[in-house]
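Encoded as structure tokens, the following chain is the form predicted on its own, with no partner shown.
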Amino acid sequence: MSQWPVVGHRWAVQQLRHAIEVGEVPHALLITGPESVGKRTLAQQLIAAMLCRATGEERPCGRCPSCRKLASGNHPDFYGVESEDRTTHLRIEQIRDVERFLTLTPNESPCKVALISDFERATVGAANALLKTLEEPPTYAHLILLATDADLLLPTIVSRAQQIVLRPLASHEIEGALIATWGVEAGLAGRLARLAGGRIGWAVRAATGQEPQTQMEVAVEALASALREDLPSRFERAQALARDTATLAETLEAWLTFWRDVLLLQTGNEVALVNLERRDLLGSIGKAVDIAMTLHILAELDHSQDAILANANAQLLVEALMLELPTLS
């Protein structure tokens, strides 16, 4: 049996491949999981298999006209929507376009498929506009939604879709894939797998360019500096961080990973540390604050990530985080 080029998530791949084989792919599918964990890759393989016209072999074949058209972005029975960037919402007009696409019968495949990425960024109006399609889908129509967390969506949307929840991958899975598929040197692959926090997409981007690693290093350095600053200086830093909306979500993720490392040290689990290069700083923080404070900060960071996705005021959010941070001497 041929394999889909998806790193990890074997159970999800098996479930979806079986659905293809027996012709029971749900009309509405919701794939959730952390950013860069592999949601889009999984969805792309599913869509390719659904539209593939090959017979007598595993789908997608990658060679038939349907597969070639999809790969080139010109398949008439596929329509994709995503937010323009991290700061924009999915608008009701975009959802209307999806609805119009799905009302038309397929051109050359047995079904039509629409993929909506970053659905947590949909406005309430846009999400509500999708309900009719979810309630009364044409027999040939399939809608795939991608989101970081189902809790960020309207319950009426979640209840009408079959959900697949992707979890962060084990470091050894990411390390092995970087070496085998992307030709990364073993030492670097191990380091990137550790820093990735289970996000294969982040690891691949870091392996093929320095930007993700640099962003993480800058974010951790900003946190380390903030821990030694007075409140006015922290508020100035918060203002600068909030202005950089393109990287704020990644900054919060780096901070969350850092404070998880603090908790690991406090609970005697040093072997699982991600920020090994910051071991001394982690130790200083672990001694300066108690576990209750660490857990509180982790909860605040987790809440802040959700708030950013819900379009909260970025500056107020980061300023509130700065108030929670301890001050190191």
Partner chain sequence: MAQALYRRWRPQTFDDVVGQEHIVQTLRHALRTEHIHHAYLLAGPRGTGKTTTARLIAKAVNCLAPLDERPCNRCEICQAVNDGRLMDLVEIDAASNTGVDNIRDLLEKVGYRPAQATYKVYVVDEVHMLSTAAFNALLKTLEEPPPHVIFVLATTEVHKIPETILSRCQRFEFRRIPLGALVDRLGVIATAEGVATEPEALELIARAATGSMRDAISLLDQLSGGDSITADYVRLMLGAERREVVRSLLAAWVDRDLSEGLGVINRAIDGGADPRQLARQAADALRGLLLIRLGAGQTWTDPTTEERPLFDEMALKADPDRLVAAVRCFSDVAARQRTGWQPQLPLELAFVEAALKPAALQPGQASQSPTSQSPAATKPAQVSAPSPPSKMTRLDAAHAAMPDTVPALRPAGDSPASKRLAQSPITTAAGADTNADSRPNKVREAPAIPPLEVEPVGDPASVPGDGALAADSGMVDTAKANWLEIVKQVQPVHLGALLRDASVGGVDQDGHLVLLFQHAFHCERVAQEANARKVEDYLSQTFGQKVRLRCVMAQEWQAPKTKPRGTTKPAAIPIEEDELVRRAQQELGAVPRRND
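On a predicted model such as this, the values are computed, not experimentally measured, just so you know. Heads up, when I say rigid core I mean the largest set of C-alphas that superpose within 1.5 Å between the two forms. Positions refer to the first chain, counted from 1.
We do not show the form predicted together with its partner chain, though everything after this point is about it.
For the three marked residues, 230, 266 and 293, a heavy atom of each sits within 4.5 Å of its partner chain in the model of the complex. Among residues of the shown chain, residue 121 is not one whose heavy atoms approach its partner chain to within 4.5 Å in the model of the complex.
Residue contact with its partner chain in the model of the complex: residue 327 places a heavy atom within 4.5 Å of it.
In the model of the complex, its partner chain sits within 4.5 Å of a heavy atom belonging to residue 156. Put simply, residue 300 is close to its partner chain in the model of the complex: some heavy atom of it is within 4.5 Å.
Proximity to its partner chain in the model of the complex, defined as a heavy atom within 4.5 Å, holds among 223, 242, 134, 179 only for 134.
Residues are counted as partner-facing when one of their heavy atoms sits within 4.5 Å of its partner chain in the model of the complex; in 151-188 these are 151, 152, 155, 156, 159, 160, 161, 162, 163, 167, 168, 170, in sequence order. A displacement of less than 2 angstroms separates the C-alpha positions of residue 185 between the shown form and the other one, with the rigid core held in common.
Once the rigid core is overlaid between the shown form and the other one, residue 118 does not reach a Cα shift of 2 Å, moving by less than that.
Once both forms are overlaid on the rigid core, the distance between the two CA positions of residue 246 between the shown form and the other one is 2 angstroms or more.
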